[in-house]
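To begin, one chain is listed below as structure tokens, in the form predicted on its own.
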């Protein structure tokens, strides 16, 4: 049985060797990335049994990602390599302050071969939680139906469902993003969103109105990601706040939200209290930004608990 399953694409990510505009960068390092894939890696490193549903190209990049996932302990039994569909890639541009821009090349994505009829119903029977984001459905309209079918299967077999809107307006427009994600909201148990995403979805900057909206949809936990300002959690009619971690040397901010999500899912599946979950999730996000790469900074459980000061590390 998998604790967590997720559905989405993965890409080869080319990280620049220098900061600044990409046109001046002469060399890149090959890495892997993808919103749902990063969360799967984060969960697996924390010791959760994690499954990933996807399609990759039958090419060297696809084989590299597939083997990388296996090496992380992710269940890839629902991942296939497809002929005639090149594995997607992206190039990252990193600024001096750690912020970044990403340029995607997803034409003829292998995930075009993953539709609602491709989902293995048995796979959902043997899981505890389905994690989805707004990235995969934004890649093409077919994926909207595929994710919706995954949601229906998750509900059929009583899985909890978490969603990170992760809205990428380079991939779809505000109207379709809002329409799609709100359509799914009534089936969501845990919503993990940034303040800008909540403003887009609910049309207001008022936290009380956000809470009122998620109550209408019967969302049990609303996690509000605020970046360097920390995070909040509303659940059981209580609002908890957690400041960001101190003395964080942010080098690359990509993947911080995915790390936060992995920390949240670990805490929820282990029935932790609200304040501990928020603290742990913030720690994971802070560890990600201290390392260049989308997922290289995602910690193993021992390292994360050490930051949480639940275990002591003897260095010598």
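Numbering follows the first chain given and starts at 1. Since this is a predicted model, take the numbers as computed values, not measurements.
The form predicted together with a small molecule exists for this protein as well; it is not shown, and the discussion that follows is about that form.
Contact annotation: residue 268 falls outside 4.5 Å of the small molecule in the predicted complex, judged by heavy atom distances. Among residues of the shown chain, residue 148 is not one whose heavy atoms approach the small molecule to within 4.5 Å in the predicted complex. The small molecule in the predicted complex comes within 4.5 Å of a heavy atom belonging to residue 168.
Taking the partner from elsewhere, residue 235 is found to have every heavy atom lying beyond 4.5 Å of the small molecule in the predicted complex. Heavy atoms of no residue among 6, 132 and 137 are located within 4.5 Å of the small molecule in the predicted complex. None of 61-69, 270-278, 26-34, 48-56 except one has non-hydrogen atoms within 4.5 angstroms of the small molecule in the predicted complex; the exception is 26-34. Contact with the small molecule in the predicted complex, judged by any heavy atom within 4.5 Å, is made by just one of 217, 157, 240, 104: 104. A heavy atom within 4.5 Å of the small molecule in the predicted complex is found for exactly one of 90, 204, 226, 142: 90.
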